[in-house]
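Here we start with a single chain on its own, the form predicted alone, put down as structure tokens.
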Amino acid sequence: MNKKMTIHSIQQAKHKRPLVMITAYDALFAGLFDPIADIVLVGDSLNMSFAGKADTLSTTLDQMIYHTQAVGQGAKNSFIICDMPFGTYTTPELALNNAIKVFQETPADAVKIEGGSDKADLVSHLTHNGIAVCGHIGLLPQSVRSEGGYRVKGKDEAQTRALIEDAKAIEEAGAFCIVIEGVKADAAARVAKAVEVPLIGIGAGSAVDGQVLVFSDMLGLFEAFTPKFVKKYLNGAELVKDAVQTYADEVDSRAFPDEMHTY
């Protein structure tokens, strides 16, 4: 990929090809993902996979700005989305002030907001003031405490209808795409058909318009737990530990540095 992704090219992908989204938190990994990914999400998941916290709720706006700045140094062609952290969009006015700060201080192309119909007015306020918004419905990590855990959605007709209403409300409010998380596959498929904007799934089956995974999950670097929906494409943790152990052994035996690696 050698042309910068835009809202228009992302929307055009619906019904044509699945979109590839992946998280990144720094320039190094963003640069590795940039030639491959359509969208790089600077997720508040960094609070867990990067900072070792139990959930995403203590992530700050300053953290998100710092990491989005770093990602922008590596991702030159991917579309960059910055998660708005918990507590930064409780009112339309607060959301706009914080989103403006993100846009002014980072190369983010859009922000992501968790919530459905209840956040439609907020999303509309942002989009009418020049802020591109990616929605997020279904399982909402920022609501983990209020919901008593991470609960899969779309288990019955009522939940599925509610998800469809959420997606339509966010679409009508101006969101250019929507992440749908932790939703039964058949329900997610119905939601994808109900809206014209791309629906990007995480734990929501394959009948949506794209997929997103946390990079440390899919590379097997995060060992605390593995969600059911995560496929590990690399046993990264073991590879890293083996490499570091080999380094330590060679330091201990004075095999490193050898002549090739000495001035």
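One rule holds for the numbers: they count along the sequence shown, beginning at 1. Note that the structure is a prediction, hence the values are computed from the model and not measured.
From this point on, the text means the form predicted in complex with a small molecule, which you will not see here.
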Legend entry - Listed range touching the small molecule, judged in the predicted bound form by heavy atoms within 4.5 Å, from 88-96, 179-187, 103-111, 67-75: 179-187
Inset, instruction - Please run the contact check for residue 153 against the small molecule in the predicted bound form: heavy atoms, 4.5 angstroms, yes or no? - result: no
Legend entry - Distance check, residue 214 to the small molecule in the predicted bound form, heavy atom within 4.5 Å: yes
Legend entry - Partner proximity in the predicted bound form: residue 30 to the small molecule, non-hydrogen atom cutoff 4.5 Å: no
Inset, instruction - Indicate whether residue 208 is a 4.5 Å heavy atom neighbour of the small molecule in the predicted bound form. - result: no
